[in-house]
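Coming up is one lone chain in structure tokens, specifically the form predicted alone.
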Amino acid sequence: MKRLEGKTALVTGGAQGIGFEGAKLFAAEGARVVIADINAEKGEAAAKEIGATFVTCDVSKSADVQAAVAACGTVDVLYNNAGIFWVGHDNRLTEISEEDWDRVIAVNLKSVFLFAKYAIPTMIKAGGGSIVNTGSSAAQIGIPDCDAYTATKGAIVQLTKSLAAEYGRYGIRTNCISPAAIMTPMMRQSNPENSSFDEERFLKLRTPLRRYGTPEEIAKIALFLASDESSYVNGAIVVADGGITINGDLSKIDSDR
């Protein structure tokens, strides 16, 4: 039997990147998948490719979120993956406009609140479910020049813990994946070619595995957390970053060893 057979999975931001690979794997494992994304062209193409349902959704808008949840009927798995790293707008706190700060908070954090708010009642009625939130290494370490993004990801980690404590009694497990250096379109956008980012130095000195991660690798973690295989995992923060947030000075390590 497939791991998500008979379950309905709602994936936000599922039109591309990590979200798409998660939706694709969920569908392959038997789930009825609903993709909620603001990009209708990419979302419809993604849904068609994997046999999912697509709903156009601004994840920061309550009416859109309620419509997406309604399209599912019952939500057994909620994968809160939608988020933005807003290059050219996010910055150090004193340089961010209030409007840009509010937009990042709305897309990254308010969306988690809204989807959980409206999906959890369907999970309670069904006798349980799994919520998988998307954090970031920014929730574990300080990252300069993206203070709004960092604030949202730290908040998502703490909200994950609160939801796990509050709704575990209903058979609802809430966990969080905190990725870093995953090669996605957003990753490339956050480190444009004309920036000061030194990719070679980053991979050699900051990343113990000395490579980027892939969306497929994160999707496999999401599948585990969504499935009954993780039936006693609740409130966990799975840091999937190749060791970036725990390493020391890799320049002291002989690269040939």
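Everything numeric in this text was worked out from a predicted model, so none of it was measured. One rule holds for the numbers: they count along the sequence shown, beginning at 1.
Not on display, but discussed next: the form predicted in complex with a small molecule.
Listed residues A219, I38, L225, A27 were compared with the small molecule in the model of the complex; I38 is the one with a heavy atom within 4.5 Å. Checking A148, A82, I120, L163 against the small molecule in the model of the complex, a heavy atom within 4.5 Å turns up for just one residue: A82. Contact check for G17: a non-hydrogen atom falls within 4.5 Å of the small molecule in the model of the complex. Although the partner is absent here, E44 is not a contact residue: none of its heavy atoms lies within 4.5 angstroms of the small molecule in the model of the complex.
Though the partner is left out of this view, G129 does not reach within 4.5 Å of the small molecule in the model of the complex, counting heavy atoms only. Using a 4.5 angstroms limit between non-hydrogen atoms, R173 is distant from the small molecule in the model of the complex. Residues placing heavy atoms within 4.5 Å of the small molecule in the model of the complex fall in a single listed stretch, namely 135-143, out of 135-143, 90-98, 69-77, 164-172.
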